[in-house]
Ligand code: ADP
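Listed next as structure tokens is one chain, alone, in the form predicted alone.
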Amino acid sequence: MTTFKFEYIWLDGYTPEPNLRSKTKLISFDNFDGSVSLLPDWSFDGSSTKQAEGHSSDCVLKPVRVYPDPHRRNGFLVICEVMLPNGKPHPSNTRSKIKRKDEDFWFGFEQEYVFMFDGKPLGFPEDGFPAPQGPYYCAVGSGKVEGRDIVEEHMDACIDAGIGITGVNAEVMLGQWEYQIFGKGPKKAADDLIAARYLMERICEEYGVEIELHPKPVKGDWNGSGMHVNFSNEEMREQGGKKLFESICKKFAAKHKEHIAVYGAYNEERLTGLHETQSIEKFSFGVSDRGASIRIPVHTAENWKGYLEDRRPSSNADPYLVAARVIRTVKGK
């Protein structure tokens, strides 16, 4: 028998932004092949995570996806849904809003974030600000990028865990980076993003650096942080047509407020109409337009097959809520 370490990971009940939580369960197996069905449910104290009252505090973690843990011997990361003791989804269980029949949707999340140290973005001087934006995006060289060692370690950890990471790059503000996560199926894509967020937080513990997901971490003439979401379904990928894509964009226009409601807290500070955003009060779409709410990629418009990019979600958005809302709108609901 071998003792395996399973890190059960879930989103808590804090608002307006849930936090990542985790705890380790040790289970002995002759062999563990990664099957989530072999893992038991596990209770936790919901009164400590704003998911229950103290007089009836038990909540239940239901394992839903397993990844190899790149940092532990015989370790695995376990993404969990939070359930009530009666077996029904907890009100904070946003993953349960995505239905099994929606697996033909593919999602790509562009997760922007900022490394913070002593209350400032990594690389910012102790007093004042660095040189204005311009040289930092996709940059190379000392003074133009900060935190690359963490980015490289995180990228390798995601690859080792089997997470669908497809790229990384330095972003427009010094100390700001992005990684991209892609998954065939909304739950797979969102689970991968949650696992990637968890690994980044854990790696940063070793560096004494914090991860900031606020959509406007530095006020003034500095880019905010988003979580652009690229999405498609089989009809968009295989049948396509300009009429189809324009009709989808018009559906999104009609549901703009519903999308903004679940696209992350404090997003009004980022969606101002400046810094490659459309105003939170407006909706627009256009080919290759990074100032629009929905960007139609130029290669999609070439033959009108492919995907769309919703540029409105903020960096702190819940990927399950974002995916569920996108799917509903595409379906005309």
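Residue numbers run from 1 along the displayed sequence. Everything numeric in this text was worked out from a predicted model, so none of it was measured.
In what follows, reference is made to the form predicted in complex with this ligand, a form of this protein that is not presented.
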Is it the case that Gly108, Thr166 and Glu309 all touch this ligand in the model of the complex, with a non-hydrogen atom of each within 4.5 angstroms? yes
Do Arg148 and this ligand come within 4.5 Å of each other in the model of the complex, heavy atoms counted? no
Just checking whether Lys188 would be counted as a contact of this ligand in the model of the complex - the rule being heavy atoms within 4.5 angstroms. no
With the partner left out here, check for me: in the model of the complex, does some heavy atom of Glu81 sit within 4.5 Å of this ligand? no
May I ask you to check whether Ser232 falls inside a 4.5 Å heavy atom distance of this ligand in the model of the complex? yes
Of Asn74, Ser96, Gln180, Gln133, the only residue with a heavy atom within 4.5 Å of this ligand in the model of the complex is Gln180
The unique member of Arg237, Lys120, His256, Lys144 whose heavy atoms fall within 4.5 Å of this ligand in the model of the complex: Arg237
Among 206-214, 155-163, 108-116, 83-91, which stretch has residues with heavy atoms no more than 4.5 Å from this ligand in the model of the complex? 108-116
So which bits of 282-300 sit within 4.5 Å of this ligand in the model of the complex, heavy atoms only? Arg290, Arg295
